[in-house]
Structure formats: C-alpha cells, structure tokens
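Take a look at this one chain, the form predicted on its own, written out in structure tokens.
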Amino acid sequence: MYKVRIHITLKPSILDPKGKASHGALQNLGYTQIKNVRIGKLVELEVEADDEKAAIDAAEQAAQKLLANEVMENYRIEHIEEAG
C-alpha cells in the first residue's frame, strides 16, 4: 500500500476568485507583504499496488480521468511513501 499526494492548482491563465478574496482579506489583516494568493486542492490517495511505479501510474490515471480538469488545472504528484 502506498500513500500518494496530488497537488491540483489552477493554471496561471485561469482567474482564481477564492485566491483573490483570500488575498484581499490578508491585506485587510495587515499582511501587506503577501502579494498574491492562489488556492488549490490536495488529494491524498492510498493505493494498493505491487510497487511504487504502479502506484504512481494509478495516481496519474486518477488525476487525468477524474481528479483534475486538465483544461483549467495543473497537477503534480508530490509524495509517495509506503503506508503501513
């Protein structure tokens, strides 16, 4: 069993209303050094697979087919570890 984390973010050309609202709120709280906020998703999967490569392949397929909208979003698999 492997734990896989997938980070999903909006492509730079896509407007991020949640990020913009959060940025405005942070500015109002005095965090003027923060110049931009983009908000994404973190998906954690537990994948039953024979090896790390098979776990990564399963995560890639899940991201491509369901978890990420590749027209609007980028994704990357950040972390793989054996789940105990």
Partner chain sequence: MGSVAVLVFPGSNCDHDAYHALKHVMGADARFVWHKEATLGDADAVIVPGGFSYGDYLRSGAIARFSPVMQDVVRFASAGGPVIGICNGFQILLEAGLLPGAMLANDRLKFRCKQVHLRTERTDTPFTSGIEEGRVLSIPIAHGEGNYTAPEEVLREIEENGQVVFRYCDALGNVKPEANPNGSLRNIAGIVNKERNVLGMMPHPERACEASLGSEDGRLIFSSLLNHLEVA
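Computed from a prediction, not measured in an experiment: that's the story for all the values here. Positions refer to the first chain, counted from 1.
Heads up, the form predicted in complex with its partner chain isn't pictured, but that's what we're talking about next.
- Although the partner is absent here, E73 lies within 4.5 Å of its partner chain in the predicted bound form, judged by heavy atoms.
- In the predicted bound form, its partner chain sits beyond 4.5 Å of every heavy atom of G24.
- Looking at P12, you'd find every heavy atom of it more than 4.5 angstroms from its partner chain in the predicted bound form.
- Of the residues in 34 to 58, only K41 comes within 4.5 Å of its partner chain in the predicted bound form through at least one heavy atom.
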